[in-house]
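What follows is a single chain, given as structure tokens, in the form predicted on its own.
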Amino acid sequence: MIGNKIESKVAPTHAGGPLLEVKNLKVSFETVNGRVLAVNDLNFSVQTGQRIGIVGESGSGKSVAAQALMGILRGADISGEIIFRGTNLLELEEDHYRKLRGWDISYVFQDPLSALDPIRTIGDQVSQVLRLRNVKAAEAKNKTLEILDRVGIKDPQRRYNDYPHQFSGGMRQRAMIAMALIGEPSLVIADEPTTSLDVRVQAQVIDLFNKLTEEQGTAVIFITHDLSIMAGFAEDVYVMYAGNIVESAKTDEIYYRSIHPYTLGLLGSIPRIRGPVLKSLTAIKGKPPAPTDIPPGCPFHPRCTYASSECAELKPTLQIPKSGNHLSACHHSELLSQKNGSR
């Protein structure tokens, strides 16, 4: 723990139930080509201390959904419910929502170089959350040095006065994580936090988030396009495509008993270091649809090797097939469940 919190959290206490519950979340934007539905009927929940992963290609709606949770989307039409500790955040005034950010709910942006202010020191930026809560300067600095050390920044006393350009990519990402953690939030949303980092630094970042949940009971929503990263981190995985959740399950279920063609395609593109050696990786044909041009029926059907005429006409619902044990939005989930259930 960083220490006792300086002030009580804004969100009311909520005995029992999930920390966060997202119900029928829709996010759309008005464009020159008409209204675009970027997130469509998103439903999931997060328990205190839980680690979940949201996976999908670029354009699947992951980051839009995350920014909707944080209340930082501008010009978007958002409907549904975002219930945090029993309070629907979409009904809060902006002033109240602002007090949650960085304190109860924190966000780690995927590009630390653009997210960090180039003309302010790392120490100044990391300590900002505390200073906005009227923490005395000396105490804010001490807590900042403590969290910089905790996220693995060596010699924090010296690096406190460095600028972002003096940090490596991995160190900047650590600074971003320090900014997210310094208020001891109940929930951290990490948006592609390992993008552009080498494998060694990626493993260190994952380890840092694991320690966060174990030591502080902080829940983490980890957003990534790389399904392999989730193996050592997430307890539950939600796979998104074209603004929809197409499969959700425990992590082992996703890896060993997936029942959606899109998830199977993502898994087929991951190199194996154990088990049978693959002669070649499997690529998903085509490209994800533009938000302005989502095909009718199942949005994945133009790229799917299992597609039938039904797939082109009728959008599948997210449900558990008779011989399966987790949710999938595919007309052929029953077939895939029988085929892959014993893998």
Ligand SMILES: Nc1ncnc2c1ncn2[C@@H]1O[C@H](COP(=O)(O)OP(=O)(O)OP(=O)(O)O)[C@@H](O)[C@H]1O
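Nothing here was measured: the structure is a model prediction, and the numbers come from that model. From 1 onward, residues are counted along the sequence shown.
Although not depicted, the form predicted together with the named molecule is the subject of the following passage.
Trainee: Flag this candidate site as yes only if E21, G49 and N210 all have a heavy atom within 4.5 Å of the named molecule in the predicted bound form; otherwise mark no.
Mentor: Not one of the three qualifies.
Trainee: Since only the chain is shown here, I'm wondering whether V36 would be in contact with the named molecule in the predicted bound form (any heavy atom pair within 4.5 Å).
Mentor: Yes, V36 is a contact residue.
Trainee: S63: heavy atom within 4.5 Å of the named molecule in the predicted bound form?
Mentor: S63: contacts the named molecule in the predicted bound form.
Trainee: Given that the partner is absent here, does S45 sit within 4.5 Å of the named molecule in the predicted bound form, heavy atoms only?
Mentor: No, S45 is distant from the partner.
Trainee: Is D41 near the named molecule? Define near as a heavy atom within 4.5 Å, in the predicted bound form.
Mentor: Looking in the predicted bound form, residue contacts with the named molecule do not include D41, since no heavy atom lies within 4.5 Å.
Trainee: Using heavy atoms only and a 4.5 Å cut-off, determine which of Q216, S228, N142, Q110 is in contact with the named molecule in the predicted bound form.
Mentor: Result of the distance check: Q110.
Trainee: Report the residue, out of D104, E192, E235, E253, that has at least one non-hydrogen atom within 4.5 angstroms of the named molecule in the predicted bound form.
Mentor: That would be E192.
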